[in-house]
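Coming up is one lone chain in structure tokens, specifically the form predicted alone.
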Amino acid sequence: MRVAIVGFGLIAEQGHVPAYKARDDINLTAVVDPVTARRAAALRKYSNIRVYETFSDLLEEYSDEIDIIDICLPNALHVENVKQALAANKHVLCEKPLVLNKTEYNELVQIASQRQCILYPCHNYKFAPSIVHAAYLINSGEIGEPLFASFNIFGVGFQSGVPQWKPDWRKDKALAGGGIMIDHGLDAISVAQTLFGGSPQRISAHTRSLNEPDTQLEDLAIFCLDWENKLINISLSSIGSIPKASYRIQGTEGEISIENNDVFLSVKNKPVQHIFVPTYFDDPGHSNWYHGLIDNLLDCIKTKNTEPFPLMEAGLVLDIIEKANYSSNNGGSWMPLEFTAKSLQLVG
């Protein structure tokens, strides 16, 4: 399959490109970026690709040579570029978040269905090796029935972009669309869905803008999800001094803890098992996570599955984030969630 990247920023350069380079079933053939220096950076990585200043130029000159459009633009620019790609009858891989509200989401899902094109949001945390292994342990019944989970994700400020184009775009609400909830919150929700399947019924949340009060973008969020007889407590912060992510899942027969590359399985009356699973949460590119994602994308294209699970999950995420804001503005009161994700399954 032949792919073109639209937007050659850090996630494209550090995450997507290394994954493409390591495979022989998908080939990067073109890059679109309005910044000359970024097009030059793409050519340094791939000397034999084509580069274009605009997406329209690519589609006008080279459309027949492209199967998949990989959109790696700032959040607010996703919706129009996804529309343009679908209108050209291309399959789409789009960086997270897919869109910023449910109206845009419903519109894109409808267009993709009508065009019979695969629209695949890049929810790469579903393929983080330690998360996938923990999902396997839960699905195998190692800790019995899951009852409670606690996720703690601490970052250091909002991640910067490339210096050649608005490196602080994540602090611009018009481009980012939101703060830590649209970023790490999305990932945490995706992890919960990967571990437990299904979807939550209600949410209670508190969010704050502490270090970035002028931007009105939350940099601290604490929320609890009532998830099909399980409670999941998630704490997110970008006000820390070092990045750190940890996950703990307790069940009727034991628990699982994830600390970066280390998975600990504790079962009643048995020694604790320590499993080393190379994951590297502190690597912002996460290039080794993309292989499972690409495998699933290619399988969806092959089987003509126009409802890949990350696309369904993107709707769930938008509902959760919207209701989290409502809850926080109303003293943390419980808010019902409307999106049902019955079609969502654990990663196999």
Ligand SMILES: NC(=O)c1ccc[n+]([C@@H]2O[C@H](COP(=O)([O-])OP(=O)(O)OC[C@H]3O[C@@H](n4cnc5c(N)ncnc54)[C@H](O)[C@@H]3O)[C@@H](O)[C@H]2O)c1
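Being a predicted model, the structure only gives us computed values, none of them experimental. A residue's number is simply how far along the shown sequence it sits, counting from 1.
There is also a form predicted together with this ligand; it is not shown, and the following applies to it.
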Original post:
Just one of F127, W169, F196, Y105 has a heavy atom within 4.5 Å of this ligand in the predicted complex. Which one?
Top reply: W169
**OP:** Flag Q159 as yes or no: does it have a non-hydrogen atom within 4.5 angstroms of any non-hydrogen atom of this ligand in the predicted complex?
**Re:** yes
Original post:
Is P74 close enough to touch this ligand in the predicted complex, meaning at least one heavy atom pair within 4.5 Å?
Top reply: yes
Original post:
Heavy atom to heavy atom, is A192 within 4.5 Å of this ligand in the predicted complex?
Top reply: no
Subject >> 4.5 Å heavy atom contact, Y46 to this ligand in the predicted complex >> reply: no
Subject >> Check all three, V35, K96 and H286, heavy atom within 4.5 Å of this ligand in the predicted complex >> reply: yes
Original post:
What stretch, of 208 to 216, 263 to 271, 242 to 250, 77 to 85, brings heavy atoms to within 4.5 Å of this ligand in the predicted complex?
Top reply: 77 to 85
